[in-house]
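Take a look at this single chain in structure tokens; it is the form predicted alone.
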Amino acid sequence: MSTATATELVSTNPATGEAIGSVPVTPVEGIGEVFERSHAAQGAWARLNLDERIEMLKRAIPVLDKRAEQIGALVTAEMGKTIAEGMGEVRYGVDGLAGKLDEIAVALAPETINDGSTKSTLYHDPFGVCVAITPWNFPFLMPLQIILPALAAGNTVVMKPSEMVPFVGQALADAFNEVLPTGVLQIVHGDDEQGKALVAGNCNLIGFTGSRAAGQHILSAAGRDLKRVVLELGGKDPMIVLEDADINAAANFAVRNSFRNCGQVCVSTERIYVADAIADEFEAEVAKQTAALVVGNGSDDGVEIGPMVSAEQKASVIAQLEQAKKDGATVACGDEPMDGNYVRPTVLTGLTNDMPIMRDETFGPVACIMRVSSDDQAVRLANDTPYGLGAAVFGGERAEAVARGLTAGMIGVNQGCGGASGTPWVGAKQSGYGYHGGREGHRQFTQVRVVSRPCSD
């Protein structure tokens, strides 16, 4: 968690409450100068060709590789996830960086279309200055999803990491700035005040990952000047367990995906619809596995679930739990009081789809299990939400047909929702506005420009 004053942002370890250190807050009145530097640097950066920009970005890989252990420890210290998860996030990002940049280079290369009379070249050009407002739950990986395609395309970037994780954001920017020209990537520290000033400022493109409510405000503000936006927003991800599912495999996934990173994942499994015929066995197995999870300081050996990122986040989850119990939900496991920012992973049963906890994003370690009598009922209830980020279906030969009935952007069959390498990370309905990743996702950080001439020339 963190606290901000007019001049400094203090980062605090959510597991211990101890201050990690502070960074200077960027004054709102100074953000105009930040944009001036970005625009001044953008012309020369865009005049480099695509291969030159990609090569320069790749020079950051050995810098990040040398600092990976330090940055992984920062991830754990600032937002609370376990050392294994923190290091895993950083190593995954660094080890995949070269391949990701190669993928972006292919996506942004010019294309030629020839119909016999006209030859057209489609260029993927920069918009200008991109604002990147990035979240705290994956403070290393999520910024890369925005800044890599934006920079490769020839945009300059002004990045504001979440105020919860300023040191991770600064470490990432520092590594790239060892190899990039001055002004190409700048970092702004602060809270909502700085975020609003960035959105309102002299930018051409906004990339944001965060809550649906914040995304709505950004889209509304950006609309006044018709700024381009790419928004990855929240979810209330469903899981459907059919009667012919492998119960152990389904339960293993439900526990892992509901509670990893203390449930603070946009594609956490929050709603589980299980066929009546196997519900008793499935619920018992999920409760058994959940009860065995070790909760504690993410830097300690053997800990599987760290703390919530802040006292405010914990209070929000506890309030949802208390309301669910008042509404008639049954606690099958968990819901034991814990000190500090810790929340015991909890399994709820006896739910109905009109309860707030089945409709509002929780972003915490709560798994809600509801029994259904048919595939059609499961699909109807799973789709009864404004969200549509990820989903999962566990079952036999009917599972893919059930998956095709879901209105999420990404659906896993007998696995999580993440797709093969090169596929986009995409949300449906109010879980996304645009998307990133994959060929088409990378291109959303570019202005398509068509140059045509007669074939006879």
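Treat the numbers as computed from the prediction; the structure is a model and nothing was measured. Just count from 1 along the sequence shown to find any residue number.
Just so it is clear, the following notes concern the form predicted in complex with nicotinamide-adenine-dinucleotide, a form of the same protein that is not shown.
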| item | value |
| --- | --- |
| Proximity to nicotinamide-adenine-dinucleotide in the predicted complex, single hit among Ile71, Met142, Ala324, Ala222 (heavy atom within 4.5 Å) | Met142 |
| Listed residue that, although nicotinamide-adenine-dinucleotide is not shown, lies within 4.5 Å of it in the predicted complex (heavy atoms), from Lys196, Arg380, Lys227, Arg260 | Lys196 |
| Interface segment, criterion being heavy atoms within 4.5 Å of nicotinamide-adenine-dinucleotide in the predicted complex, picked from 122-130, 336-344, 157-165, 273-281 | 157-165 |
| Asp192: touches nicotinamide-adenine-dinucleotide in the predicted complex, heavy atom cutoff 4.5 angstroms | yes |
| Contact test in the predicted complex: Ile218 vs nicotinamide-adenine-dinucleotide, heavy atoms, 4.5 Å | yes |
| Ser211 within 4.5 Å of nicotinamide-adenine-dinucleotide in the predicted complex, heavy atoms | yes |
| Interface membership of Gly235, nicotinamide-adenine-dinucleotide in the predicted complex, 4.5 Å heavy atom rule | yes |
| Heavy atom contacts to nicotinamide-adenine-dinucleotide in the predicted complex at 4.5 Å, residues of 362-387 in sequence order | Phe363 |
